Every structure is written in structure tokens, then in C-alpha cells.
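Just the one chain here, laid out as C-alpha cells, in the form predicted on its own.
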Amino acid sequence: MNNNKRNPGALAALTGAALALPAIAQLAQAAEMPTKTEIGYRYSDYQEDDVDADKVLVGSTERYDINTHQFKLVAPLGERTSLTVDAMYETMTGASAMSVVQTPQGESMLIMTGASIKEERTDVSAELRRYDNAGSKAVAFGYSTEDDYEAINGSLDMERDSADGVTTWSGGLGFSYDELEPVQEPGINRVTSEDRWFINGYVARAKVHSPVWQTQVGLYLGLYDGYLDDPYRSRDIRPDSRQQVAISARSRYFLTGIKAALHADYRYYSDDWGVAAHTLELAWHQTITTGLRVSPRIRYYSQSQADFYVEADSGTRDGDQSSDYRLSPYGAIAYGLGLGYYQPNYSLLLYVEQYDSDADYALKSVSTANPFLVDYTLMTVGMDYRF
């Protein structure tokens, strides 16, 4: 085990973002009762660009490289029940920022760890879903573990269709309980054990407007409570609770004449830490030949800073403060391209994405950019088999 650790749960957060990508989302269970057993596998390589050397005062310029293996099983159990099992194993190497300091010239510089961080994460979950003539309902449980982090989670959700089949209401509740045991280092005063809770809920309404147009709107609420600091960052002090709200809208329009579909998604997020964010994504799904589909996409993101965000860590631990780039103001643009080959009994998938973040991309002017903003390249390959 290496003592140059980063914040517990960061690997889970990075993977959570990757799971939202289309190449992996193809494994998501459909609303209909599955009639065949499906086995899926995804391999993802996530590579962050190195930090600019002129922004590093001490430590390595290397950043995270994450390799993820994801397995999924979807199987019918009888006539009205299905079982879904997910399993994930991933490894991470690289370096992380410990703090941001200000030079006598007023420039923000990074104090980095060495490039020898090594982390592993295992995540498993299972869902039972029951179907009836008007929709479905499900219960799920999961467990995740890293070297210094354990979490258990569960959820309940339900889908109900209107009598005419035009409108579908869905909603759910979820929870997670996390235990943190940061690795100790000589000479550093660090917490030994902490925990936190996370509870969330959502409600959504989908409607079929015509044979070629569908929309969905949704509301999400989340509440964190407990230890929310990053124990591996110097003088990182955050509130012990966080309330989140997000509103989303999706549109799917099918152009039958050219065998294509336009997807447009928007999401507004806000929390009581002062962070407000906008996400807009556009994707084009084009059928080339029978079974072959190409899907270019672009995503824009912008967020404001947390109320307690600081451009450089102070010399005291008085009051809430954090120089974490994820709490800073910035914007980002991602470009992706997916390729899928679909046959009755199997599917082959490829997805590549380039992500670039910059303070200049933010909707509002940013005086000083955080020196640790991330750029990355993501590649995912996968296959599904149905029998």
C-alpha cells in the first residue's frame, strides 16, 4: 500500500461519470421484461493529461490513469421478474494535488504527491425487478470497497405507464453509507476513521408526443451528512452536510427518412454550498447499414464556485475552506464518438471521448483558474451476448 493517497471515493466518482457514457449505458436494463439472458462486458481506459510543469512547486506532474472492467448479467426469473447483477473492478495510478499555495508573486502553485499512488476498487450490486401490465418496481443493494473506503448502498424505484401508454411516471429513493479510514503518515495530523450518509430521490415524467418524438423531465434531490472533508488535502475543511437539487430535460427525435435520431439533454444543478452548474449535451445517432450505428456527440458544462472555495490554502484551519478544483469555477467541453454493431444475439461497442476544462469556458468570468483543472481521454470497448 502506498501512502501517497488521494481523497477516498474519488475513484468511485470518476467511474460514476464514465458509467453515464453511451457505450456503457447500452447495458442499462430496458423498461420491458427481458425475454433472454444477456451478458455484457466493458473495458475502459481513462487517462488524464499531465499537469503543466510550471504550475507544480513540489511533486509529480503525472495524473490519474484508471482502468475499469465492468460485467453485467440481466436474466429473466420466471414470467414477471428479472435479475440484474453488476460487478466492477478498477485500478488507478498517478499523482494527486495535496494543496494549492500562493507564491510571493501572487501565482497559485500546486503541491503534488509522488506519482506512485496505487488504488483498487471493487463494486458489486444486484437488482430484482417485478413487472406488471402497467410498469415495474425494483429493489437493489450494492457494496463498494477501496483500500481506505467502504460503502453499502440500496435503492427502490418504480415505473408506471398511463392507460393509453403515452406517459410514463418513474421515481425512486436511494441511500449510501460510507466508512472512511484514511492512510496515516508520520508527521501529518489526519483523521483515523469517519463516516457519512447519502440519501437521494428522483421523480420523472416521460411522454410520447408522436411516433418520432419523445421527451422526459425529471427532478432530483440529494442530501449528504457526515464527514465531507478531503483528509488528504492540506487545510481542507467543508460543511458537514450538503443539499443538492437538479432538474433535467431530455428530447429524442427520430428522423425515419434518413434512419437517424437527435438526442438533446439539459441539466441544471444547484446545492447549498453555492455551486450551480449547467450541462448541455447533443448527440446524433446515425444508422449506416443494418446493425451498424455511429454516434457523434458534444457536451458542454459550466459551474460556479462553492461559497468556501479559496484560490490558495491559508496557513490556518479557521472556518470552511477548500482549494479543490471540483469546487472552483470552470467550464468544460467534451467531444465523443460511439460506434456500435448490433445483431440479434450479440453487440459490439466502441466509444472515445476527449474532455477539456478551462476557466475561460465558464459562463461567468473567472479571475484566477485553478491550476489542477483536468483534461482527459476516455476509451471504452465492449460486447454483449444474448441467449
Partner chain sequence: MTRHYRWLVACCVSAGLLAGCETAPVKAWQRGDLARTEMAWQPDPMESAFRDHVYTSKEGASGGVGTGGGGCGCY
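Residue numbers count along the first chain shown, from 1. Fair warning: this is a prediction, and the values are worked out from it, not measured in the lab.
Here the subject shifts to the form predicted together with its partner chain, a form of this protein not shown in this document.
Its partner chain is not shown here, and in the model of the complex it never comes within 4.5 Å of any heavy atom of E62. Although the partner is absent here, G218 lies within 4.5 Å of its partner chain in the model of the complex, judged by heavy atoms. In the model of the complex, none of the heavy atoms of Y309 sits within 4.5 Å of a heavy atom of its partner chain. Contact annotation for P211: at least one heavy atom lies within 4.5 Å of its partner chain in the model of the complex. A heavy atom within 4.5 Å of its partner chain in the model of the complex is found for exactly one of D313, E194, E159, D147: E159. Contacts with its partner chain in the model of the complex, taken as any heavy atom within 4.5 Å, map within 64 to 99 to Y64, T68, Q70, F71, K72, M88, E90.
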